[in-house]
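Here's a solo chain for you in structure tokens, the form predicted on its own.
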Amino acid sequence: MHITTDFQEKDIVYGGDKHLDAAMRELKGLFPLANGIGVLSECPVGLIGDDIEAVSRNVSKDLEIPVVPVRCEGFRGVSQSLGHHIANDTIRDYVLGKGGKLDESTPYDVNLVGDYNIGGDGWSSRKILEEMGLRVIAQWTGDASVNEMKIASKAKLNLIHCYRSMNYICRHMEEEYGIPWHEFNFFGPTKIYESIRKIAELFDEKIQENAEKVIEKYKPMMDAVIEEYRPRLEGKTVLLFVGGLRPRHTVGAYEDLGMEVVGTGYEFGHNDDYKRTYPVMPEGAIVMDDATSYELEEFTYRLRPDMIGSGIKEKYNYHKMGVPFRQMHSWDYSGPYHGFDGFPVFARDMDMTVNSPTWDLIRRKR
């Protein structure tokens, strides 16, 4: 649940510490079963310098629950990426390894990291891992609990989906607790099969046998989806400009449908993101970094893609241009797109977007 403290002009002048303290105590009374509180400071708080850490310490001590201050106004950093790092470090300092309850450990305990459960993605990913015989003890951070984040330090392996946002905590857990980590991709059957097998290789023969059974079980369904939608999407081109994992992870899913990604890029990518992106892109594709609206329009005019996949702020520009557009931050309020449950939804949505007759009613510029 997200609750605002109704920060007013007088709080900017005199400080809002007392109101924050009172708000958290009131919240605990309203929600007595709450296992923790997060304090997320926004831009005005950062400007006036309220000591949210001191307030959180005092309230945490009195209420006997973790109160986690996250000083992350505007997501911080030139391109917001520093905000991810701050959030990871905050979990490390206030939550990870701080108690928690795990009745027993098994050799198959894993953490599902960097999956925010957009449209139910986390559940579809977790389903595959559990069918393989693995036990997901923590799901970060979509659908996570405070207890899960506490006991994540007891896992045998971290499986990370969104590398950009949560590689920091994985690296820390490797250094501090000796937990290895592995990046995987559950977009589209080709990458799903590949990821399942690579994950299984990290465990014993039992898990490897289960992995092949999972693939055998779902392959007919995936083949049927491709058979239905590929004839309608074969040869269509896509230009992507999103963030996180999507600019590279979704490439294989488009290719499974016969589509070609002619350009991709990140809003807050780092060098290591691009090193992971180049190998999955077709020859001659364009790769962009933090493109402006003007640059995106120019790329669109020159590449003439059949579909754009980007974020909410680009959506209406492309609607005005008459270019088929899919909002790929939150799946345009659809989903899931991950896993075997998600690929049929992904294929349907791409077909619905590209082949909608409404685009013929809008005149393209240039």
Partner chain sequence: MKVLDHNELFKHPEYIEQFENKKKFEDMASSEKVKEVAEWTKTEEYKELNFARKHVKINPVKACQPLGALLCAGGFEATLPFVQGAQGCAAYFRSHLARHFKEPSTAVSTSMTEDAAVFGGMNNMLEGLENAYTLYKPEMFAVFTTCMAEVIGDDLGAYVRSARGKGAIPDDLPVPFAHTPSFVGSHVTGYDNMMKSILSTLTEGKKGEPNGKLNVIMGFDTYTGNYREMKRILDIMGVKHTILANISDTYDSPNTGKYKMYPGGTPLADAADSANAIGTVALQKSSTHKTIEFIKSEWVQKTATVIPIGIRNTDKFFDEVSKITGKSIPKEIEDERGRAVDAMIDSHPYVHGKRFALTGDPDLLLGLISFVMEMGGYPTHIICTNGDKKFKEEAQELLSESPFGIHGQVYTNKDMWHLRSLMFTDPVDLLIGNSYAKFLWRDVGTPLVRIGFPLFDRHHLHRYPIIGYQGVLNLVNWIVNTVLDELDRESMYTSSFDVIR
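Positions refer to the first chain, counted from 1. As the structure is a prediction and not an experimental result, all values here were calculated from the model.
Unshown form predicted together with the partner chain; subsequent notes refer to it.
Engineer: Taking heavy atoms and a 4.5 Å cut-off, does Lys275 contact the partner chain in the model of the complex?
Structural biologist: The answer is no: Lys275 has no heavy atom within 4.5 Å of the partner chain.
Engineer: Is Gly15 near the partner chain? Define near as a heavy atom within 4.5 Å, in the model of the complex.
Structural biologist: No, Gly15 stays farther than 4.5 Å from the partner chain in the model of the complex.
Engineer: Test of understanding: in the model of the complex, would Lys320 fall inside 4.5 Å of the partner chain by heavy atoms?
Structural biologist: Yes, Lys320 is a contact residue.
Engineer: I'd like to check something about Phe75: if you look in the model of the complex, is any of its heavy atoms closer than or equal to 4.5 Å to a heavy atom of the partner chain?
Structural biologist: Yes.
Engineer: Which listed residue (Asp143, Asp289, Glu212, Asp89) meets the criterion of a heavy atom within 4.5 Å of the partner chain in the model of the complex?
Structural biologist: Answer to the contact question: Asp143.
Engineer: I need to confirm a contact call. Of Ile196, Val136, Ile207, Cys162, which residue comes within 4.5 Å of the partner chain in the model of the complex, counting heavy atoms only?
Structural biologist: Exactly one residue meets the criterion: Val136.
Engineer: Of 100-108, 278-286, 239-247, 254-262, which is the one stretch near the partner chain in the model of the complex, taking non-hydrogen atoms within 4.5 angstroms as near?
Structural biologist: Selected stretch: 100-108.
Engineer: So which residues in 232-262, when you check the partner chain in the model of the complex, have a heavy atom no farther than 4.5 Å from it?
Structural biologist: Heavy-atom contacts within 4.5 Å come from no residue here.
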